[in-house]
Each structure stands twice: as structure tokens, then as C-alpha cells.
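Next up is one chain by itself, shown in C-alpha cells, the form predicted on its own.
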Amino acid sequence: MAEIEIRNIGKFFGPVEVLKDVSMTIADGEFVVMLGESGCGKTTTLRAIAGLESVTSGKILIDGEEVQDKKASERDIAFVFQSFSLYPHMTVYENIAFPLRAVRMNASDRQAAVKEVAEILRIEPLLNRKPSALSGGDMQRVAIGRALVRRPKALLMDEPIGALDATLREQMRAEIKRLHISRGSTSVYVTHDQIEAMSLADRIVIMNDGILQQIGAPEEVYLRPANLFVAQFVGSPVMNVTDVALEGGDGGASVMIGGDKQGFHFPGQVVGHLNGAPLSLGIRPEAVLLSHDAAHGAIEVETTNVEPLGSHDIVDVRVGETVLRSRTEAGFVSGEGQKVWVGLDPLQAHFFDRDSGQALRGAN
């Protein structure tokens, strides 16, 4: 397997700068998912690691060796594309064995290698079939098998299950995770789907406009977003974000939202580090707490929308001029216009500098 290090890489397509001083280290055996919107630079970064794109500046190292000037064929990297790209006239066995034939591996070793990969991917019964006789999920398994059969240093995957339907995507997520664990391969996976990222990754790399925004474990980027972009990109529904003002009080401050005359009391341990800069408050729907009864520190509001999602509901309430989304148990409210009380969990609140978008963290 391999450690992959990216040092300050930049990339221009003509006058357009698509990667801006990107740096990261992917540990040997780690599963890293690059997450972002279309055009953010994640696929360009992946292709640069593979040698399918050159870089304008910076260095790429695999196991400590600089490879940015090497051809893709010299990097010992396997790449799985979103399109299956199987040879239609070949059987599954022949498709998987093709890279081994290209390096002139003898027939018995080739057969053993294909058999091993087919067992791992659970496609032994399919080895004599042509791609036209396979489902989408099976074709993707074959494409992954062809990439893995020669035991590359790292496996790079560019939205490999994006073309599958929802049920198959869920199945293939589990298969890819199982495969990674069983092989211990260094894996880099590109997606715009945050569910894939959260379920697969050891660490997530979040990019926007060619700039690396945050690297961290799934729970870290969810619970401690580095800036407003990450806060609103990770999570579904997205984090509530609203401009707020603080009014001092005993042992803390009142957080004023949407011009409402009432505020939510936050203790000093949550707001004591804030220095008077223009603030935005970020709070996830599960930290917007609704009650049918008056509670200390809660504000009476009306529901404005209810979105039933089976296991839970998303309920919108209006605080002054601001709408907050809350995650509640299914059937908690009957519909729009119902009176409820809303409170905020201060320990799940995030404050951001309104101008820079950067998170404002306390000492803890």
C-alpha cells in the first residue's frame, strides 16, 4: 500500500485557476473521501494523483517519491471511473484479467489473481458472462476487480456508484467499505454525496472553488465545521444559519435572532470567547428543541411548515423574521400554524465571523 502526500499543488486550465495551493497527506491504508460540489476541484485533484492531469505547481509524493512528472503508468495507481468502461466483447474473467495480460503475467498466476479478486467481490458465478448480461452493480464490481487485480499501491475512485439507483448505491457503499477493510488498501474516493462520504470515510476532505476547506473525521466535520461553507454543506437538512446579536447578562448573554425582542440565554462558557465581531449563529435541526409546553428560556412560536420523513419530521418555526428548522419525532405537530415553544441547545451552537465565515472557537 502507499502514503500519498500532496504539497501545495496548483492547477490552471488556461486562465482559470481550478486548484489553489492544495495540501494533504493520505496515510497508508486510509480511506479518504473528497467531497464537494461539481466544479470544486475534487476530481482534478484525484486525476492529478493518478497522473491523468498535470499540475501547474507543487509536488505529489507516493511513498516519499515525487511523481508529479511521472506518467500515469509509472505510478502504480488504479483508477475506477463513474462509467464502467468494460470491454463488451470480453467475459468478466477476461475483463478482470486484462491488466495482467498487459504485463505478461503467466496464465496460472493470472487465473489465481482473478479468482482471488472474484471471491472478494462475490462475482465468481459471473466470470463467464459478458457485460451485457450484468446488472449495474455487478458491472461496477467487475470494474473495481479489474482495478484491484494487480494489487496497486492505491485505489482511486471517481464517483464509482453515481450512475446506480438508490438501492444499488446503498449496497455498493457497503461492498466498497467491506472491500477496503479486507484489503487494507489506500483509497481515495470522490463524491458530491455526503451520505457516501460520511458512511465510507476515515477522513473527509471538503473542497470549494479549488480551495481545501477542512479535513477531518466524519464526526469532526459534522460537529466542528471550520467555516460557514462546511457547516452548510455537511448535514441534511443543512445547518440553520442566521445573523445574531448578543446582549450581555448575568453569567452569559442573550442571543437575539431575527429581530425578535426575546433572546435565548447562552451561558458564559459558550459565548465568553466572542469579541464583538459581527456574528452568525449556526445550529443544526436536532439542536432546535420544540415543546408543547412552556419551558425556561424557550420562546412561543408558530410552525410554518412540516416535512414528514417517516422516522422523523422536519418542522419549520418562525422566530422574528428568521425561520429555524427543527428535527422532531414523527407526528410531533399536526401541521402549519400550531403554537409550540422553541429553545436552542447552547452546547450544540456554533458561532461564525459574519464577514470571513470562519468558525469562532472557545478554548475547549
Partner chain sequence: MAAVRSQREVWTNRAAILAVLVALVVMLAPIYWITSTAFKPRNLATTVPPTVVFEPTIAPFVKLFVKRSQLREPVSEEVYDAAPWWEQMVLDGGEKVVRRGRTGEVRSSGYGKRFTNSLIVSIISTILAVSMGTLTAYGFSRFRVKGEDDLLFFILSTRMLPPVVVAIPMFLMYRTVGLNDTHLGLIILYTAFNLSFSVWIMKGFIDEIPREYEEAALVDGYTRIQAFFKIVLPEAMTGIAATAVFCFITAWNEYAFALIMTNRKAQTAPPFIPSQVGSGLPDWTVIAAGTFLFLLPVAIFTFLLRNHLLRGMSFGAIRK
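Between two forms, the rigid core is the largest collection of C-alphas that superpose within 1.5 Å. Computed from a predicted model, the values in this text were never measured in an experiment. Numbering follows the first chain given and starts at 1.
In what follows, reference is made to the form predicted in complex with the partner chain, a form of this protein that is not presented.
Each of 86, 89 and 150 places at least one heavy atom within 4.5 Å of the partner chain in the predicted bound form. Of the heavy atoms in residue 99, some are within 4.5 Å of the partner chain in the predicted bound form.
Shown alone here, residue 73 lies within 4.5 Å of the partner chain in the predicted bound form, counting heavy atoms only. Residue contact check for residue 77: one or more of its heavy atoms lie within 4.5 Å of the partner chain in the predicted bound form.
Taking the partner from elsewhere, residue 146 is found to have a heavy atom lying within 4.5 Å of the partner chain in the predicted bound form. Per the 4.5 Å heavy atom criterion, the partner chain in the predicted bound form is contacted by stretch 90-98, the sole one of 90-98, 117-125, 178-186, 284-292. Only one of 50, 314, 61, 333 comes within 4.5 Å of the partner chain in the predicted bound form through a heavy atom, and that residue is 50. Core-superposed comparison between this form and the one not shown: CA of residue 242 displaced by less than 2 Å. Once the rigid core is used as the reference frame, the Cα position of residue 90 differs between this form and the one not shown by 2 Å or more. Comparing the forms between this form and the one not shown, the C-alpha position of residue 265 differs by less than 2 angstroms, with the core used for superposition.
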